[in-house]
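Given next, in structure tokens, is a single chain: the form predicted on its own.
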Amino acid sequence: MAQTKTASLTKGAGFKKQEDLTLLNEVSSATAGVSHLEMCIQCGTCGGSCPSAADMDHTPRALFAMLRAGMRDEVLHSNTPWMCVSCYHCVVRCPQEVHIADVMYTLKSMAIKAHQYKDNTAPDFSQTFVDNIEAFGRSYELGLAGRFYLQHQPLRLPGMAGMGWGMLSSRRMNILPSRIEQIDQLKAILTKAKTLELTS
């Protein structure tokens, strides 16, 4: 009787099946450090603290409930991780010390690997940034913005020329990228990290 009631409540809440912690455990183990994801008590403090919550299709609380329900496709297609601005306000206020922002990074990584996202704008921007770090050891703002707008919003480029010139003339942005010293050491670290990720 109790089991039937639980299944009914779960179905009524919009979840497909009873609690399945497989996906939650997968996300938790893939998150750097100790995520405390399983400690979420569904209080909603994260969503109430988030400056981007209005643009999210699911609040972090709802997303964590979906993880607990094993709703992989729905979670990876959600725009919630991509709306996270990494301000860590939710982390500071979470009574259970769930590392919410770090979990969002994990979900973005999983969505990219599975090619499951509604819009490729944010994943493309993220990949361009990563490419710059791997190539130069630091962000290359002109290349980052130029590549992004050429891919996704080319008609906005002429309107940004004034701001770009202002940043260049005040030396707030460089025309050409510059590499950090000992870039080979950084590349060795990144290669080792990728190897560990594949074997974990």
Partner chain sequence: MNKYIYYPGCSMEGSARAYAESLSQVAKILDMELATVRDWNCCGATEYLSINLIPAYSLIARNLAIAAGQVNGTNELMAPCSACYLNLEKADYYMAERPALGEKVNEALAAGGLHYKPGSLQIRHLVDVLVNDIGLDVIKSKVVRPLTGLRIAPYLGCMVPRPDYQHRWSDHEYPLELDDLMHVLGAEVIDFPLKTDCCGGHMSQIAPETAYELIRRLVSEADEYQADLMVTVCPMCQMNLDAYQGEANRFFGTKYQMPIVFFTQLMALAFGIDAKSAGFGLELVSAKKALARIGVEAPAPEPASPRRKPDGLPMPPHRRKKYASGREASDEKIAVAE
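Just so we're clear, the structure is a prediction, and the values are computed from it rather than from any experiment. Positions refer to the first chain, counted from 1.
Only in words, not in the display: the form predicted in complex with its partner chain, which the text now covers.
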When the contact criterion is heavy atoms within 4.5 Å, does H115 count as touching its partner chain in the model of the complex? no
Does the 4.5 Å heavy atom contact test between M83 and its partner chain in the model of the complex come out positive? yes
Answer for E38 alone: is it within 4.5 Å of its partner chain in the model of the complex, judged on heavy atom distances? no
Would you check, heavy atoms only and a 4.5 Å threshold, whether C43 touches its partner chain in the model of the complex? no
Suppose contact means any heavy atom within 4.5 Å; which members of 23-62 contact its partner chain in the model of the complex? S28, S29, A30, T31, A32, G33, V34, P51, S52, D55
